[in-house]
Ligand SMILES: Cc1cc2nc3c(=O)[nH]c(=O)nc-3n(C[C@H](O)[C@H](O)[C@H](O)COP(=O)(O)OP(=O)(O)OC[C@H]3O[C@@H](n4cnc5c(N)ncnc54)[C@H](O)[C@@H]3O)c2cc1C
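Below, in structure tokens: the form predicted on its own, a single chain.
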């Protein structure tokens, strides 16, 4: 490449993951080009490329902190548009299989808002960065290899009129989502596609907006009613968002899909393990139609295991690891991936003279695999509790860890200290091994040895 072609990064896909990647890349490359198949509205509205946008999205505390670091001032901008601050322990009652969790003040905080508002606000922030550019209404159709090296020259782009144009870049980031065609692109130019692991609990969900009554006076901003394996496969979430609205998302595991008509939607809410969501929305004014979504399988593409691949191509976000959305991990893992990308680029720039070397891709993917390991195990471990879930079964070590987590979850409804520690792991503030601190282990051991009939794994004198 000539010098005029150097120092450009290309991001395929302009959703939240792609924009977080672009924000990091802007610190290292002279130009960052985001190729996006959609066009954007001047308002926070749904777009065709984000089929999940009508549904509840949670930015976990760790993700919120990372996004705030990447885009200083975004908190104020979001709240000026109606987003709400939330303390997840104090203002989000959770019904675990063992009962309601305690309510307590904490620093496990973030915001609640619609996916549309969050994405729109991040895009506004990104647009202020002068070396980030957008190529909208355009689709990447293949990768362009370098005939002399194990690198890519760029991508081939098709615009809305069908015209094909090569776009050259030093680093190609695939953030095109869970249906990314990148494995086929790689195969087409002679590289092995990544192996995939798919674990599918057959979860589907449906969502509807409701108007929050002006005189509503409850002391919570969100609700979550969990399923209980194997007999209660229904889940419900209600989140207060901007515009004085409730976004209610109902979910069913093992293809117990919620209906998309008003009467059926309410009847499904009535069947949850608690009537609290039904009682909240039954007389509320609907503000939208009911949208459904069912492409929820956990899907991990193992780029880290590819020994020979283009050194300047990386997967990012859902294109490399897509989680069952019920656990709310996707956006936060994308934020953590942005931190990983920053760390790898910083190391590459320090040791590689400010350019991408042939080993960059494998190094990044290996480090990212370590980042996604914990959320992957937590999501798939939960899904594998259900009898009709498809996919590889966990090994015995994972099963032992799951049994330990089972006891933690049972203790959540009875012990504030355990619940807070568990929630800190869920919000990715602490690693899972923090749940093995002596105080928690003693409580788990006591529960296992207890004759308390509420503990299914305890020793009982009768059936």
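Positions refer to the first chain, counted from 1. What you are looking at is a predicted structure, and each value in this text was computed from that prediction instead of being measured.
Just so it is clear, the following notes concern the form predicted together with the ligand, a form of the same protein that is not shown.
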Options 403-411, 42-50, 416-424, 24-32; stretch whose heavy atom lies within 4.5 Å of the ligand in the predicted complex: 42-50
Taking heavy atoms and a 4.5 Å cut-off, does residue 310 contact the ligand in the predicted complex? no
In the predicted complex, is there a heavy atom of the ligand that lies within 4.5 Å of any heavy atom of residue 139, even though the partner is absent here? yes
Given that the partner is absent here, does residue 318 sit within 4.5 Å of the ligand in the predicted complex, heavy atoms only? yes
I'd like to check something about residue 331: if you look in the predicted complex, is any of its heavy atoms closer than or equal to 4.5 Å to a heavy atom of the ligand? yes
For the three residues 16, 37 and 55, verify that every one has a non-hydrogen atom within 4.5 Å of the ligand in the predicted complex; reply yes or no. yes
Would you kindly say which of 246, 185, 360, 88 lies with a heavy atom within 4.5 Å of the ligand in the predicted complex? 185
Which pick from 71, 278, 96, 293 sits with a heavy atom within 4.5 Å of the ligand in the predicted complex? 293
Let me know which residues along 240-272 have a heavy atom within 4.5 Å of the ligand in the predicted complex, or say none if there are none. none
